[in-house]
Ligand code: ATP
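Read the single chain below, which is given as structure tokens and is the form predicted alone.
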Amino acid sequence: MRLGIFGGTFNPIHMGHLITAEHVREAFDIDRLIFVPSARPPHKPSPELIDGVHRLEMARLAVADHPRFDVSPIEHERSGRSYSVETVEAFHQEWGGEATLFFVLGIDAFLEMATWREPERLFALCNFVITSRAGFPFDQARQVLSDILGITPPAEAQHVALPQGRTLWFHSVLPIGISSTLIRDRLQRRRSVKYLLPGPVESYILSHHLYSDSNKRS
């Protein structure tokens, strides 16, 4: 079994997330791709990060009609901050003997990995799929790999060998000009977000009056 782990705040989840996930699922023949909304991310303390209960439910609504997508509440079931190494370790312990793990991560987030908890251990736990994002060329990742693992891949490398026989791939996806920041901004200005996110997610946001000043959570 090939198991994808797609983490993020998903604040809110939108069509760009889903398109990226589908491209990765198809390109890497992923049998099951699990979205993992973070509970208390240490790198994104923001007054605009709404309660995890809402972000989990929106993620479930977004993937409900996809037979290979799922959502995990694992980070909301732990106390304290949400660290990717602990999340992937838990998946590794549960699925390690039965599944090949792929950690899906945008290049913008990957460039911050040197500040994460135990990044060298995370690299040894699973394969990585680093997805493209406008304004963040893949060649910037070379310094991250050098700083953490002492690996300096060729500038045009499409994949890199990691410890414990793992592999990191650089994967280009369709450039989608949608972001959670854009959606929050439009909602706060009472502008339409139709077609930027799945219909059930839009309905959930509007019915719960999310992303207005009175519903922000730290």
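Since the model is a prediction, treat every value here as computed from it, not as a measurement. The first residue of the shown sequence is 1; numbering continues from there.
The same protein also has a form predicted in complex with this ligand, omitted here; what follows describes it.
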| item | value |
| --- | --- |
| 100, 161 and 164 all contacting this ligand in the predicted bound form, non-hydrogen atom within 4.5 Å | no |
| In the predicted bound form, residue 181 touching this ligand (heavy atom, 4.5 Å) | yes |
| 4.5 angstroms heavy atom contact with this ligand in the predicted bound form for residue 109 | yes |
| is_contact(residue 176, this ligand) in the predicted bound form, heavy atom dist at most 4.5 Å | yes |
| Contact flag, residue 72 vs this ligand in the predicted bound form, heavy atom cut 4.5 Å | no |
| Contacting member of 124, 148, 85, 105, with respect to this ligand in the predicted bound form [4.5 Å, heavy atom] | 105 |
| Interface stretch in the predicted bound form with this ligand - options 91-99, 74-82, 140-148, 126-134, non-hydrogen atom within 4.5 Å | 126-134 |
| Contacts with this ligand in the predicted bound form, stretch 4-31 (heavy atom within 4.5 Å) | 6, 7, 8, 9, 10, 14, 16, 17, 20 |
